[in-house]
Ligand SMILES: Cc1cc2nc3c(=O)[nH]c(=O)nc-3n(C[C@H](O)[C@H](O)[C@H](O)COP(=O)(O)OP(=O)(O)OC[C@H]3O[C@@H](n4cnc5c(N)ncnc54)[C@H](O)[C@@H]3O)c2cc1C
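Take a look at this one chain, the form predicted on its own, written out in structure tokens.
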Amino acid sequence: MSPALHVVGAGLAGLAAALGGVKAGWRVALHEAAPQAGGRCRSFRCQRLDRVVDNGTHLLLGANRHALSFAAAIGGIEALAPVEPAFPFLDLASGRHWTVLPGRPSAGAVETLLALGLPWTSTCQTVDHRLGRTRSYRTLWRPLCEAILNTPPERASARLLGTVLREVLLGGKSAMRPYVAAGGLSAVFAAPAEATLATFGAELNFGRRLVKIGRQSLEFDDEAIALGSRDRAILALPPWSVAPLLPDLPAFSSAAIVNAHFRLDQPVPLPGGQPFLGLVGGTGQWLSVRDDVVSVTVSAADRLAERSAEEVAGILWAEIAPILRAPARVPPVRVIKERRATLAHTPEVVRRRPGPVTNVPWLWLAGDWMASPWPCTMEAAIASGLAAARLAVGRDDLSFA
């Protein structure tokens, strides 16, 4: 019998690791504490809105090669729609509109080079220290920093931001091209991944929480699974879930993201003609539309997450109602607070992000919080799952293709 690969956690990292395992010919068992796959990147039908919404608003770019390759391998790529690589912005204070295009970041050459991390950026430097005095700081670099790193620029790593910006801005139109999940993120990743894994004969276990790692076993809340000498395991869990299982793991600070989904009477186009709009000068940072649901995303939202859902909805609706030419009365809304959405991408945290190897010879780690040229994103999660699978099954040539 072929060896078994046990993957704990069915977020994007776990799904990617499991797919790598079955493609390598291993027997794969996927274990998830929640009743469904997808983790922080899934869709559900909101009874209040009577619409399918995502638990977090995410945007894929052409530069996210691992994520797109994974979506293609499981058939989820069919649920993604590419749109023009143009990112419109609106300054809520002045009413000024502008658009970031490939090769035209709407900032001067000198400050753009600084943002890209050129010619050199210290590992200790923050975004505010590097870019805080530039002309486009408030209107471009601050919102991009908070959107990409989910960390205020006063604390965020300038080196990590520069790495991402080089990948996206210097990659041309194909790297900057956005892909929109018109039917929700679960249609792109979780649902087709489950179907693909089932086709390969993988065992999918939901409602099963890992409580202890034994000498040669995984102990869940419903049973203990003994591992054979050739069996392997991957923990694809967030750091706060791994910490009780592997006490040597360092502690990491996290940052919140708040999303508010408003259902309108009818679909409304956004200024700029794209299904998303960057906002500057207010609380909301990104506005996106899907049919008659308009969503507002607030990154680095630790303080906002402490307020009630009603307060959050009122603040955000007051900002976007004039843009939509909508009545002042708040429409039906669903507010979702991810209090630990990502790591806080400070220089210190970025330096301490671990790799996939653990002190347990048969156990590896995966997750968007692993050491990566990307911050905690779908791309980082999926790439980490593939990397862990390569190590677990001993195949450095393993791919999703």
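We number the residues from 1 along the sequence you see. Since the model is a prediction, treat every value here as computed from it, not as a measurement.
One more form of this protein, predicted together with the ligand, exists but is not displayed; see below.
Within 4.5 Å of the ligand in the predicted complex, a heavy atom is found for every one of 12, 41 and 378. Only one of 322-330, 85-93, 269-277, 256-264 places residue heavy atoms within 4.5 angstroms of the ligand in the predicted complex, namely 256-264. Shown alone here, residue 76 lies farther than 4.5 Å from the ligand in the predicted complex, counting heavy atoms only. Proximity of residue 135 to the ligand in the predicted complex: non-hydrogen atoms within 4.5 Å are absent; the residue sits far from the partner. Not displayed here, the ligand is kept clear of residue 313 by more than 4.5 Å at the level of heavy atoms in the predicted complex. The closest heavy atom approach of residue 238 to the ligand in the predicted complex falls within 4.5 Å. Contact with the ligand in the predicted complex, judged by any heavy atom within 4.5 Å, is made by just one of 371, 360, 52, 34: 34. This chain is displayed alone, yet in the predicted complex one of 140, 169, 210, 304 has a heavy atom within 4.5 Å of the ligand; that residue is 210. Residues are counted as partner-facing when one of their heavy atoms sits within 4.5 Å of the ligand in the predicted complex; in 153-190 not one qualifies.
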